[in-house]
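In the form predicted alone, a lone chain appears below as C-alpha cells.
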C-alpha cells in the first residue's frame, strides 16, 4: 500500500508541476486576473466603497461575503464531522472524575512543567494578544478572522500542552467550545439578517450606518467587516481546539498527549 500511495503522490505532483507553464508570469499586468474588469473595480473602488485599505479583506468580507460566510460554515461542519467520528462517550461526568495526579516536576526527570510548560505559559499571552490584533486590525493591515482565529486556537492548544488536556478542558470544556463555534456563525449571519430587516440585501452592510456609530455607508461597511471577522475567529479558534482535543485523546477528552 505504501508503494501505491507513493505512486499516487508522484503522479499527482507531476500533473501539478506540468501545469506551472500555464501560469502567468509573476506581476504580469496582462494576466487574466489583472486584466479582468472585476479586478480593476476592486483596485479602484475598494476604499471608496468601504473605507478599508486592505483590499483582500474587503473582497473576502464584503464583496464576496456570502462565500466567506459559508466557508465559516464549512469549517464548523468539518469540526462537527471530526467530533462525530472520533468522540467516544464518557459515562462519568467530568465534574465527578477524580482530579488527575501530576507527576512531580524536577530538573532530573525534566517533566513537561520545566521546559515545555514554562515556554508555553510565556508564549500563550503573547499569542493571544497578537491574535486579537490580527483580528481587530485585519481590515486595515494583513490579517483577519481566519488568521487570527488560527493563532487564538493555537494558544488554547499550547495551554493543553503546557498543563495537560484535562486542565485545559476545565477552562474550555466541550460544551463551551461547541457553543463558541456556533456563536461565530450566528454573529456573521446576524449582520446579514440586520441588513434584511433594514430593507437591503443580505450582508449589504452600508445600511447598517443607522445602527452603528458611523458617519456614512462606507464606514458602516468597515465596522461590519470587523464584526463578521470576529465571528469567523470565534468559529475557527473553537474548532481548532476541538479537533486537537479529540485527536490528542482519541475522542475520550481526557489524558491527551
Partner chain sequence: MGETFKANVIDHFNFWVAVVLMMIGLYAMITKNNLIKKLIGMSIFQTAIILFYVSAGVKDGATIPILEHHAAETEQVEAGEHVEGHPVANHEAHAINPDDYSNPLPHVLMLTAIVVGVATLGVALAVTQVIYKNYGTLEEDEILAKIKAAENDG
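Residue numbers count along the first chain shown, from 1. All values reported here derive from a predicted model rather than from experimental measurement.
Heads up, the form predicted together with the partner chain isn't pictured, but that's what we're talking about next.
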With the cut-off set at 4.5 Å between non-hydrogen atoms, does residue 163 touch the partner chain in the predicted bound form?
no
Report whether the minimum heavy atom distance between residue 213 and the partner chain in the predicted bound form is within 4.5 Å.
no
Partner contact for residue 181 in the predicted bound form: the partner chain, 4.5 angstroms, heavy atom:
no
In the predicted bound form, residue 60 touching the partner chain (heavy atom, 4.5 Å):
yes
What are the residues of 9-37, in order along the chain, with a heavy atom within 4.5 Å of the partner chain in the predicted bound form?
9, 10, 12, 13, 16, 17, 20, 21, 23, 24, 25, 26, 27, 28, 29, 30, 31, 33, 34
